[in-house]
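Given next, in structure tokens, is a single chain: the form predicted alone.
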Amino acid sequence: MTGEALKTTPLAAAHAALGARMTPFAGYDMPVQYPAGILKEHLWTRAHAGVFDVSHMGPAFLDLVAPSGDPDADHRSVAALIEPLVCGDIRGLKPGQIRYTLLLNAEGGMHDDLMIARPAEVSRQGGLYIVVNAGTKEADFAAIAAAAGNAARLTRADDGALIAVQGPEAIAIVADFLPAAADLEFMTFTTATFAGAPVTVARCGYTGEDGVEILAPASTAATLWDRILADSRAQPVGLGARDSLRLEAGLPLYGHDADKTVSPIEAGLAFAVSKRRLKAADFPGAARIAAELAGGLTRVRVGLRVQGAPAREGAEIAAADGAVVGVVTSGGFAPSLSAPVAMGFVPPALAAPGTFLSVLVRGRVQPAEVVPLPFVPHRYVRKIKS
């Protein structure tokens, strides 16, 4: 961001105290790694629990200005305001449920991917909890506020702290001081109290691991961070390992594996397109998306196991005859597999697992095989044992 000072999160002092190496990211000064290093941070998250500062993201609340008092009617009203922007079924959200969805343009390309959630409490019906990406949040918030008009109020919460705790021991750590976390299933959320302040606890994340994201006011951010890290099972993790974790999980990163030209179908995100909405064709780009679902795709995101050096973003993908057929959009070393992996776009005819392709890395041709995504199985908890 030329000539513009980097923003800091409420946890900046905590990162400095831990010896974090900082880097500019989406206009913020963010920790890319701590002294342990990216490899150890990555593997610790897979085995125990990584703690991430993701306060640069865009959490917000959208609430009806004049709710009727009828919980279901109020939810339908607020859903009707935002559904014209996205392809997800927001009206169908159950109380406490989170939905991953996509902000689309008129051509069916993605402005952003985001989470939209319906509060569980009866008193909060007619409201939505929304989290958008850091790099697009100004445009996203402007679009949502415009769609809401005078009917609903958008309240930004990105002046607070958003802390992700991810890994097989994450819930046990958080439940020690926020017991409600243990009762959540994947893609549900609740509100709780920590240090006398309200916090939002969502069982979700972007590592492929079980875990939560906790939104807290800036005034309690450092106390919450320190409370989590007081547990020996938790270690701080920077953006470097967050990226390698999401790559192993086969999760697209907006601005890399998705952008304004890429449709949900091309990106392998057809699950995020509501059947009800598709039938009604009542969202931006519905005609293109319907055509692609009917067989009109020209490219699709795939996973690649690469031999040799890692293939980074921008590396060309070639067919067996040497013809360039696509490009790598995310790539690197997968610590859990001790091997390079990549994601990129290729024609559908070359997208079947087992297809042998090649990638061009610094002028060298290296073998690559199409493999199913994710590279490392997801470990989300979808049903709580009673």
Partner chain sequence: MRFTKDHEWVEIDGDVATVGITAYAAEQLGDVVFVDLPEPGKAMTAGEPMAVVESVKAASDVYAPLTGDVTAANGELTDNPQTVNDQPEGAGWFVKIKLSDPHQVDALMDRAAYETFLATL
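Numbering follows the first chain given and starts at 1. What you are looking at is a predicted structure, and each value in this text was computed from that prediction instead of being measured.
The same protein also exists as the form predicted together with its partner chain; that form is not shown, yet it is the one meant from here on.
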All of T101, G268 and P374 within 4.5 Å of its partner chain in the predicted bound form, heavy atom check: no
With heavy atoms only and a cut-off of 4.5 Å, decide whether A197 touches its partner chain in the predicted bound form. no
Considering only heavy atoms, tell me if T220 and its partner chain come within 4.5 Å of each other in the predicted bound form. no
H378 near its partner chain in the predicted bound form, any heavy atom under 4.5 Å? no
4.5 Å heavy atom contact, A145 and its partner chain in the predicted bound form: no
Could you tell me which stretch in 285-293, 77-85, 155-163, 306-314 has residues with non-hydrogen atoms within 4.5 Å of its partner chain in the predicted bound form? 306-314
Heavy atom within 4.5 Å of its partner chain in the predicted bound form: which of V51, L64, I38, L357 fits that? Just give me the one. I38
Heavy atom within 4.5 Å of its partner chain in the predicted bound form: which of A319, V327, V32, A26 fits that? Just give me the one. V32
From first to last in sequence, which residues of 8-24 have any non-hydrogen atom within 4.5 angstroms of its partner chain in the predicted bound form? R21
